[in-house]
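Given next, in structure tokens, is a single chain: the form predicted on its own.
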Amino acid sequence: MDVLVIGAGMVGAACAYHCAAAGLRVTVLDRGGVATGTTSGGEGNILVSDKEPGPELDLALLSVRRWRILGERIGADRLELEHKGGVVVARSAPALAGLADLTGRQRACGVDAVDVTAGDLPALEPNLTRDVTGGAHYPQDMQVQPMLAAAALLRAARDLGATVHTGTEVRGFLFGRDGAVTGVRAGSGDRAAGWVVNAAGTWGGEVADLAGAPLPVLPRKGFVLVTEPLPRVIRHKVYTADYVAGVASDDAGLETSVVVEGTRAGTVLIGASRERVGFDRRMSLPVIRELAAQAIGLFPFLADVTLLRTYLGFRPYCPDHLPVIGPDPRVPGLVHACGHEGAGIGLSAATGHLIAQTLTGATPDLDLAPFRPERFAA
């Protein structure tokens, strides 16, 4: 193989598809099934609205463009790709001032951000609480069904000649005499490859350790609530202005900032909580109650809606809140595509595109320096 991708989640699927589309021979390995790790705990958000100006916003803007292309190539229905847009609301004058400052800086970077008054919000979200001071509308925000999208990308990659092996755990790396990676030890034997892509999500740090190239990728736990199916009562992804601060926080303790959105199936998804507690999978009723209360505060009608289920996942957190993308100079032949935290679904399209450009010798559409693997070495 030219490229061996470790991880059959959203980022791994995007890397596999883009590399196969570029003419490379690709194999994907995952110790579980397709999209059963980090991707299964996601909501499917493709966002520019929650990004401060900088490298991550540049990556998000590229990814929005790449998702549109994927929708055209593969089919928006097969991905459940919805161009739904986002609405951010402020519930105090200081929060509104901070949001207006953010939208101004985002517009300077190419984001379509429209400031809206409290009187404008009911036209966007009729069921939203009237206890708001204003907000912003982001037409570029989108959503996919993450597990369905990952499976569709891998299917498209297979149509281009890629192979996918689930239930195959990578136990170690193979190295040449010059110290470069030449493949992996996995399943019942060795597998050779010119490049090995670490797209293992929350477990990307463990894979990097196996190769002798440590990365500080840590799990950040989060819960999502799912309601019973409803008519189309929420039109956009809706969240409060403090969500952006929560995403950027370095605090290891519990944080909650409400995010509410409808799905094509009619269910309403409610998030989001964040805490660094390792891989602790225990359910937390207090967190669920807090998220439910915050959601009712935004959409009062939810008080009379039945909660169908809850689930949790682990976001791959890096200390500087930027993913790790590109070749690792410490170990030639090793390439990373991990550490996207809660933005991996949205950023996966750009990540896969950039990895394919790099491995085929093309000039990447973005400067990968801010995402370089060795930036943590000091």
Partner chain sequence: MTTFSFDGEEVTAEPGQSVGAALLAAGYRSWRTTRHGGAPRGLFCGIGVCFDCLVVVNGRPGLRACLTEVRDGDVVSSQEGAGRDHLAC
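Residue numbers count along the first chain shown, from 1. Predicted, not measured: the structure shown is a model, and the values here were computed from it.
A second form of this protein, the form predicted together with the partner chain, is not displayed here; the remarks below concern that form.
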Q: Counting non-hydrogen atoms within 4.5 angstroms of the partner chain in the predicted bound form, say which of 192, 308, 108, 283 makes the cut.
A: 308
Q) in the predicted bound form, which of the listed residues (228, 101, 77, 72) lies with a heavy atom within 4.5 Å of the partner chain? A) 228
Q: Flag residue 93 as yes or no: does it have a non-hydrogen atom within 4.5 angstroms of any non-hydrogen atom of the partner chain in the predicted bound form?
A: no
Q: Indicate whether the partner chain has at least one heavy atom within 4.5 Å of a heavy atom of residue 235 in the predicted bound form.
A: yes
Q.
Considering non-hydrogen atoms and a 4.5 Å limit, does the partner chain approach residue 297 in the predicted bound form?
A. no
Q. How about residue 126: is it within 4.5 Å of the partner chain in the predicted bound form, going by heavy atoms?
A. yes
Q) Among 299 to 307, 200 to 208, 216 to 224, 79 to 87, which stretch has residues whose heavy atoms lie within 4.5 Å of the partner chain in the predicted bound form? A) 299 to 307
Q | Contacts with the partner chain in the predicted bound form - residues in 153 to 173 whose heavy atoms fall within 4.5 Å | A | none
